[in-house]
Structure formats: C-alpha cells, structure tokens
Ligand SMILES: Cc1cc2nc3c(=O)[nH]c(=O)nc-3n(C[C@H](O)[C@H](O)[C@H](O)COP(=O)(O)OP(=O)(O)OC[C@H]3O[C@@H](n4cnc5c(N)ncnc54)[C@H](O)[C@@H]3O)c2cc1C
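Here's a solo chain for you in structure tokens, the form predicted alone.
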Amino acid sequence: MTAPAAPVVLGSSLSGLLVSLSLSRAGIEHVLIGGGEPAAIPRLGEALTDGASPELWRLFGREFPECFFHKSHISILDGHFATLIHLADPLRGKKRVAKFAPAQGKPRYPWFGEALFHLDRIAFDRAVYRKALAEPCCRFVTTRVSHLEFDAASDAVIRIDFSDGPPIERPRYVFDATGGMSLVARAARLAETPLGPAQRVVFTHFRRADAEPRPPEWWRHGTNLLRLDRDFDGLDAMAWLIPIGRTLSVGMSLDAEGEHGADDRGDLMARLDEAFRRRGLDYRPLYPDQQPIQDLRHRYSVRQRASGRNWLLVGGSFITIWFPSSTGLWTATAAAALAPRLLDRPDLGVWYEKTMRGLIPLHHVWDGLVRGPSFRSSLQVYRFLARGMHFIPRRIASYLRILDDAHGWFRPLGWLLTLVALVGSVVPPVMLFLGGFAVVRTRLAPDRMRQAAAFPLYFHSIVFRVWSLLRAVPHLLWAAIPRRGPLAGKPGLLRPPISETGPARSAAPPAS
C-alpha cells in the first residue's frame, strides 16, 4: 500500500498562508494550492481581537512591524450614546510591546491589551504570501481544483483533481481555506446554517501623505463602530472607521435585500461619510485621498461540521459572524496553530469546532445591537457590554490552551478563565464588576454632533480608568431612575426629518 501524499492546503488567502507557515515552522512538507500574490486593494479583517492580535504579533511582529498599528479602544456610537471601551494606553511605545514578540524564548501574554493591533492587510497579506512561498517545506502549485473526491464511509478526502497537472491521491490531510465556497464542505455535502440575512458590504480606504505616530484625535487610536438608523441617517446599517497609520478604513454592512441593498456604492459611501460628519467625526480633511470603493456580498453562517478524519474547514470556511466581533482572523489563527498537531491527532478538530461554535452566541449579541432598538439609557449600554465581555476570558482560555507550549501557561489558568466566562454568561453583571466599569465610559449626546467629542483623560490611561470606575456608580444610579420625557418618548423625537434622498450635508439634530 502506498503512503498517503503530503498534507494539502487549499487556498492561498491569508487563512491558507497562516496554515502553510505553521506547517513549515513544524518542518512538515506540504502542498499549497493557490493563485497569485494578493492584489493591493482594501480587504476586511483589519481589527484584531485578543486572540489573533497577540498571536500574529508573536509570529510576525519582529519581521513585519510596519504592518501593525496600536489599537487602544473600541468606541460605539449608537442612538444618542457614545461609548468608549479603553483597552490600552494609546501612548505606549514600540519597546513596550516588543517583549510580546521576542527573538528567542517564550513571550509574555499582553493581559491589558498592550499587544492589540490594527493590521495593514494589504501589506501584511502580500508579505506573508512571499514568506510562505519561500519556505522550503512548502510546495506551491498555481492551479485550480476541478474535482474533489470525498469518501463518506471513511469521512475522508481521497483524491484532488486539478484543471491541469496530475491529481493528488490519498492526501494525508486537507486544510480547506477556500472561504465561503468551501470545496471540502461541498464535496462532503455539509449543510450550511445561515446566521442572518445576506449582507452587502461597501468599504474603502482614505489616505493622507504621512502617518502621525501619536495623533491628537482620540478616534485615531482605535476601532470605531457606528450604528446608522433609519430615522436619523435614512438607512439601517453597521459601520466602522479604523485608522491604520496613514490609511483610514471606512465601510458599512447592510441587508442586501433591504430597501437600500441595491443602491449605488458611491451613494452609500456618501451617506456614510455624512453620517460620521453629523456626529462630529469629520475625517476627510485629515484623509483627503479616497481609494476605489470595494463592494461584496456574503452571509454570516456556520457549516454542519468543521472537521473529519483527514480534513479541517479553516476559519471562514466553517464559520463567519458579525464583523464588529473582529473574530475573522481569530478563527484562522486558531486553526493554523492546531494544524501540525491535527496530522497525528485528527480528534483535535472536534475541539476546534466546539470552540468556534462558541462564537455563535457572540454573533447574536452583536445582532441584537444591529437590529434591536437604539440605546435609550446607560443601563442598556452596560447590559450590552456585560453580555459581550464574558467572551473575552473564554477566547483567551482557548488561545492559551492552543499555545500553552509556546506561552508556558499551565492548563489550570485556562480552567480559571473558562470558569469566569461561565459565571459571566449566567450573571453578565459580574464581568462589569471584575473590571468592566473601569474601562468603559458612556455618555449621553442628545445633540449628536457632540458624540465624537474628545473623551477627557483619554491619553492618561490609569487616571482614565480610575475616573471611569468612580463615575460609573452615580451614572448607573441616575440611569436607573424611571423618568418621562424626550428620551423616554417616541424614537424619533430628537431626530430631524430625513429627505427621500438622504440627509443633507448641513443637517444636524437640534440640541435638547
């Protein structure tokens, strides 16, 4: 009997490249099936979570530091509220985070968000592509898969045919990084469960001549999310604004079959530009050079299974959830970290599937924000954050379990974090009392032009957290008092009328 062929990675997207590099680091010869170098166009996945960020920095921070930019906060503009989650000191320096990507030895774990980054996906994807193809353990084949034969009885991929060249018989293992098309999932006839309606995503980059290392505007130091609502903006959508050095990534997602799902991409970006400006966040003078607008359609979903006897659906090939969760690259980095061990222990694929399915409740948390009523009180803001915060220790526990050899952490620490996450899922306010109040600042802005105003003490991390903690108690007590008035009345009471063609440039909500 002939020995199985080498492991095969299907797809040279970033997910496939990360798997390929992981196999190469382990000295495992493999075949990477893909196409040419990634095009220099904006792509999604620029904001990283506490799982993907330290892992990518650990692996590539010293080699490609120019691709990483500090992420210090997450802000959410929703209804009449502006919420800031202060993740790390925005003035931390390069030396401070360099210890998390040491040339030798085991890195520390960045507990307080110090190694959270935004990622220049254009530069990073191209650099990783070249690195993966240069590895001696990687045999790169530029071709297309014409047919993939799957044996249901053995739950295995047994043959891969190509549009040109000889087939691969009995591959040892197949890592499917082909995204939504998922060649293995199709061959295995795995059902796909939608997690919501089809989405249309319109996005672009704006650029400036230079990159300021420490810009004075607070919003240029983190991920900024905006919920557009029909009464105020003329359409319902979820948007982002992410600074990446001299580049600003701006875009939004809306229902593809909704009222504005077929609108011209230029008109949609103009609406989004106006929506940010009407909240006091006017980025165009700082980033005057607009790049071509990108437009894609997709659906958040999860496959029936993530793994089998000799195959794994990597990242988006298995599951995709709401983009504000920033989990896209986390699912890929987790799969890549497991890849060498999966060859001898295919049962780890079951653990990977269980861990990734744990993201589905997080999708529903964000779906409630996107589709539910706008925030009407600080209590609603804190309730939303409490429900989402327990996913953080769970994700860190999973990450440490995958990489305990690299980081040197004992398994009991992962158990402790899992216990905290479990308690937080049952009693969400626990997460706020475990430090959430210290990092969250929320404020009411009846005049939405004030939503993007500077947050006092933003650039003084420790003082900011102490003041936020002290401020939270009276703030919550005040928000808990039942009251009648404009903010408790009809949803559109403080909002200006919207014309058929959308908000005018000069329109602004009246002050209360």
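None of these values were measured; they are calculated from a predicted model. Numbering starts at 1 and runs along the sequence shown.
If you look for the form predicted together with the named molecule, you will not find it shown, but the lines that follow are about it.
Colleague: Can you pick the stretch from 463-471, 447-455, 57-65, 40-48 whose heavy atoms fall within 4.5 Å of the named molecule in the model of the complex?
Modeller: That would be stretch 40-48.
Colleague: Hey, in the model of the complex, is residue 224 touching the named molecule, heavy atoms inside 4.5 Å?
Modeller: Judged by the heavy-atom cut-off of 4.5 Å, residue 224 is well away from the named molecule in the model of the complex.
Colleague: Using 4.5 Å between non-hydrogen atoms, is residue 179 touching the named molecule in the model of the complex?
Modeller: Contact check for residue 179: yes, within 4.5 Å of the named molecule in the model of the complex.
Colleague: Tell me, yes or no, whether residue 13 is in contact with the named molecule in the model of the complex, where a contact means a heavy atom of each within 4.5 Å.
Modeller: Yes - in the model of the complex, heavy atoms of residue 13 and the named molecule come within 4.5 Å of each other.
Colleague: Hey, in the model of the complex, is residue 422 touching the named molecule, heavy atoms inside 4.5 Å?
Modeller: It does not: once the named molecule is placed as it appears in the model of the complex, residue 422 has no heavy atom within 4.5 Å of it.
Colleague: Exactly one of 113, 414, 308, 328 has a non-hydrogen atom within 4.5 Å of the named molecule in the model of the complex; which residue is it?
Modeller: Residue within 4.5 Å of the partner: 328.
Colleague: Though the named molecule is not shown, can you say which of 145, 241, 87, 400 has a heavy atom within 4.5 Å of it in the model of the complex?
Modeller: Going through each option in turn, the one that passes is 145.
Colleague: Please state whether every one of the three residues 28, 156 and 170 places a non-hydrogen atom within 4.5 angstroms of the named molecule in the model of the complex.
Modeller: No.
Colleague: For the stretch 189-227, which residues lie within 4.5 Å of the named molecule in the model of the complex by non-hydrogen atom distance?
Modeller: Residue within 4.5 Å: 201 only.
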